[in-house]
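As a starting point, one isolated chain is supplied in structure tokens, in the form predicted on its own.
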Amino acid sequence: MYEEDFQIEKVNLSLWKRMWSLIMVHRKKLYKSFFVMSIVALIDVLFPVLNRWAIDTFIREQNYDTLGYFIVANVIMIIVQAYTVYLFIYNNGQIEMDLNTDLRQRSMVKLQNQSFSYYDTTNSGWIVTRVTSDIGRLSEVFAWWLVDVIWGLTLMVGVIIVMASINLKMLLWTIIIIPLIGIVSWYFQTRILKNWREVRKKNSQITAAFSEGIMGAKTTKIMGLEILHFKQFDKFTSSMHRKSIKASVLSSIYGPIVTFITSISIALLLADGGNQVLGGVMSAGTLMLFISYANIFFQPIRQIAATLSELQMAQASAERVLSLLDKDIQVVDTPEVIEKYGTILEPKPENYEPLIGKIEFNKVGFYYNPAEIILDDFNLVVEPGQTIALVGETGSGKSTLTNLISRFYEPTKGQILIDDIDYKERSLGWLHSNLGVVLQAPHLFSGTIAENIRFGKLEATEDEIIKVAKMVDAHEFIMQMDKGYESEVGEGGSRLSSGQKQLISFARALIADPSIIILDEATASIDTQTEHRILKAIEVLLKDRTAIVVAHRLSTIVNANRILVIDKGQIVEQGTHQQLLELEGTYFNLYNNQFTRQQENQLLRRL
């Protein structure tokens, strides 16, 4: 899946309305911050009034009778303001972390419920960027910028009220430049937003390149692809560098322009106010009051100007985060099914019916792309306890069949029945709790061997883990490791051989005691010596279970109840191993070609 192309070049009110609903989950702390910052703003408004009184009383009139009260009032206001600022920083730090945690939890819930098709088509780097840096930036801007706006608006309203009550003309000199600031802001914010979108997009590509580079480090070293990967990575980082500089330049120009415009207003105040002071119309204290208020009035405007680029970055991040949260889930249970069986994260296993293991494809059609039909009126019945092997060329539809049985995808037409009931009438959780899947390249999670086996049954005891390990012939090699079952497997199982990882994946599938087993080319990457051990493990795993085996090595499926030769989504041959050899058709040719290659390889090894 390619990066979304967001085109809106102005503040998207509907998007911020959505974000507002998310942040309002933490409304109590927000209201507390609003109240605290309002007090800070009011104190800021009162300081110039006290200073005006001090200038006119202590300097012009030389009257010091109230000096003590003036000092006490200033000290009290400073203490109150310092305490409220402390409360603001403490409270907003909590808001940032709460929002950060909340958005990441929402994202994780969405990702855990998301269909397999999403991960099949979406780059992991884009997902990681959204859940980490985009949410982090969004939380930071929302927690601090929003409250700054409340502080600024309260401050500006207070200043306007006081100035209007003293001298309306001087107030007009202060606010006359606001329309000009609005025009400049509109001009810059569209360009800043466009560039920050590009920056976030390039950041996703860099994260994806990092992820792929780390995961494929061994292949990179073997094939000598370091220079190629470096050039690709350098291309992404150079592009992000250029876009970041352009966005930063626009932001750095924008702030000083706003400062210059506000300075014009202060100059007009000084010119007109100075003439009034010289003419005896206005006192020096009043002029200082207006100059102070002008600076105070423009301070939040400058603050908003300085953080407007942050708002643009936040909008770019918000678009990306909400695109993740709003992404449709392709495979979902109906409300009736959820009511009975629960959801993936909140299941009701007490309502799960036993799964016997009968599978039926009834006139099933499927496509990933409407222009390329994979299955059309496909029919198949698998009786409980049968082992069905799927054979065919790459792209024939074998993996599609296993994906449909696993309900990673759903048929575009027809039905798939489990135990004679459309599997859509029961939950994903019910199906997956009765399903064991072993892939060609099994994934092990970082942790110990015991923990990886226990993923098949979280409440499994140590004795149960050892029992299934012995059943799949994994116990011996596990005990030879330094810490036995407590040995670390490394990231992705990097500390184990391919055969060892496969045996642990068999144990993980077996401990769940599933009714249906799917083996997707589980022996394709295993050496011949290890294959005998794997075949024994498969025999244990498939016993008394319905099994669908996608076979690469045909020697591993000779005992299957039925072998299906798939070509372009259709069954072209089916029968037992011996029956298909007697047909001397597609399967016969595939088997003989593979057997001949094996004989040649064995002869070469002897030589």
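Please read all numbers here as calculations on a predicted model, not as lab measurements. Don't overthink the numbering: it's just position in the shown sequence, from 1.
Just so you know, the form predicted together with a small molecule exists too; it's not on screen, but the next bit is about it.
- Stretch-level contact analysis of 389-397, 91-99, 532-540, 459-467 against the small molecule in the predicted bound form, using heavy atoms and a 4.5 Å limit, identifies 389-397.
- Interface residue among F298, W126, Y409, W173, judged by heavy atoms within 4.5 Å of the small molecule in the predicted bound form: Y409.
- Of the residues Y485, F233, Y352, Y368, just one reaches the small molecule in the predicted bound form with a heavy atom at 4.5 Å or closer; this is Y368.
- Contact annotation for E336: none of its heavy atoms lies within 4.5 Å of the small molecule in the predicted bound form.
- At least one heavy atom of I374 is located within 4.5 Å of the small molecule in the predicted bound form.
- In the predicted bound form, at least one heavy atom of D120 sits within 4.5 Å of a heavy atom of the small molecule.
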